[in-house]
Every structure is written in structure tokens, then in C-alpha cells.
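A lone chain, given as C-alpha cells: the form predicted alone.
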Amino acid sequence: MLLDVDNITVHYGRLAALRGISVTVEEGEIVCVVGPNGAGKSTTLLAISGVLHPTDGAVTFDGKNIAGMSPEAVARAGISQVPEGRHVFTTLNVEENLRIGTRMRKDRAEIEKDYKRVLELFPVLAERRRQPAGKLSGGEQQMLVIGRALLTSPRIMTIDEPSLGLAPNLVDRVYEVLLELRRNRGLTLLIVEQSSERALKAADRLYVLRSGEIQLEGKAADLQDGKRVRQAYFGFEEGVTHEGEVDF
């Protein structure tokens, strides 16, 4: 098991944002965590990356408990996070943004090889490498932050809402790249998504998170009809109406 999130609880003050959730990721897998707004999806990634520290449970990466480690130490261990909202340094150009991802590395020859690979993967970044990142489109910025994360040389990449705010054709392109990274480079991916339909197409396995608890987990191939996913996502069965709710 490459990543094992075991029964963690995370609090914001007195509020329990996560209550005893467990998520596992095998090396080479694509695992998606889906759920509505406020479900705790981003909190899960922040607990893995070291930004938040669980009040209970363990986060184990490659056999080592990393719960409580600093974000920098987690990144050095091989976990790279692509945060929600495409956080780019708007006044720096594309190349400068990308090279920020190499700041913890010392292997200069490999860095240059990886930098060239990222530009090959995202030709638009090569074309605009001297352009301020703030002038890129939303889709181009998403490619930039993925490229920057790749330059940390991660063993696993966690990505928070890669489709947020993007046009459907750009979402398709982002996911094509993610699938290519797994297929050609063996990169392990843990993706948080609001769209269960999108997640089912991309993932090997799926978790549905609602109100800080795991409601459903399983292989994406076994959940393709979407019925159990929607029931877990919304918290009621299709075709069963309650006051104030819409009948599917």
C-alpha cells in the first residue's frame, strides 16, 4: 500500500470536519474522492499534505506515518499536491512558476530532463514560457500547476478539483493528461472531484464522502450505473421524494 489514510478525524476548532475516514491508494492507481460542497474532500487532502494535522488516526505513506509532519517534509517524502483554485504566481512568468517545483531537488541533470518533459507534455506552456502566469487562461493555469507539481518528482500526486471552473473541452484535456501520466509514467493519483460522472470515467476506485464521513467505496467498474454513487452523494434514494426535495 503506497498511501493509507486510516480512520482519521480532523477538527476545525470544535467542529469535526472529518470523522474516522479511511482511504487507501495502491501504487499506480487512480483513486477519486467525490462528494458535495462541504463534504470534507479538500480537508482530506490537506490532512495528507501536512497542512492540517489529524486529531486521531494515522496517515501512512510507503510504510511511514506522516501524520503531524510539515508540508515541506511531506513533499520531500514524495507527495505533491495540486491545490484547488489554480494557485499560480501571477507576476512570475511560466518558466519561473515551473521551476519553483524544483526548489527542493539537487539532481540538476534530471531536473532539466523533467523540465523538458513537462514542456513536451504541455506544448502551450513551452509557447508561453516567458509570459506572466496571470495572463494564462484557466485551463492553461491548471496545466501549469500540474506541471509544477510534476517537477517535484512525486511518487503520488493529489489534485483538488481539477475541473473546477473550466469549460468541458478543457476538462477533457486535463483528464487526458492525467491518464497519460498514469499510463506512460506510472504516476499514482488521488483526485478530489465534485463530478461523480467524471470521476467514474477516470478512476480505478472511488470513495463518496458526505458530511465528513465515507458513505460508499468501491471499484469504479462496479459503480458505472451511478445509482449507488448518487444515493451516497445526495443521501436519499432516486425516485423517493421528501418535502423540499426533487424527484429524480
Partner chain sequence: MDYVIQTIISALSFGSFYALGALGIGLLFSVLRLINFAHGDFITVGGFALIVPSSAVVATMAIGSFHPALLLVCIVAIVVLLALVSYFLVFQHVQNASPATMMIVSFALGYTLQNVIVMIYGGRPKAVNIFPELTGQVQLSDGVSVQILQLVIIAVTWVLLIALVLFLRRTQVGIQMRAAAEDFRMARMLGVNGKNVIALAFILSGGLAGIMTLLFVTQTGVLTFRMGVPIMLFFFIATVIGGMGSLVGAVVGGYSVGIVSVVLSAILPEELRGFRDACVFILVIIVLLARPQGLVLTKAAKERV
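Numbering follows the first chain given and starts at 1. Remember, it's a predicted structure, so these values are computed and weren't measured experimentally. By rigid core we mean the largest C-alpha set that fits within 1.5 Å across both forms.
Just so it is clear, the following notes concern the form predicted in complex with the partner chain, a form of the same protein that is not shown.
For residue 55, no non-hydrogen atom is located within 4.5 Å of the partner chain in the predicted bound form, even though that partner is not displayed.
The partner chain in the predicted bound form is not approached by residue 172, whose heavy atoms all lie more than 4.5 angstroms from it.
In the predicted bound form, the partner chain stays beyond 4.5 Å of every heavy atom belonging to residue 157. Proximity of residue 163 to the partner chain in the predicted bound form falls outside the 4.5 Å heavy atom cutoff. Heavy atoms within 4.5 Å of the partner chain in the predicted bound form map, among the stretches 22 to 30, 44 to 52, 57 to 65, 208 to 216, onto 44 to 52 alone. Only one of 116, 130, 103, 135 lies close to the partner chain in the predicted bound form, with a heavy atom inside 4.5 Å, and it is 103. Contacts of stretch 108 to 137 with the partner chain in the predicted bound form, defined by any heavy atom lying within 4.5 Å, are made by none of its residues. In a rigid-core overlay of the protein, residue 113 has its C-alpha displaced by under 2 Å between the shown form and the other one.
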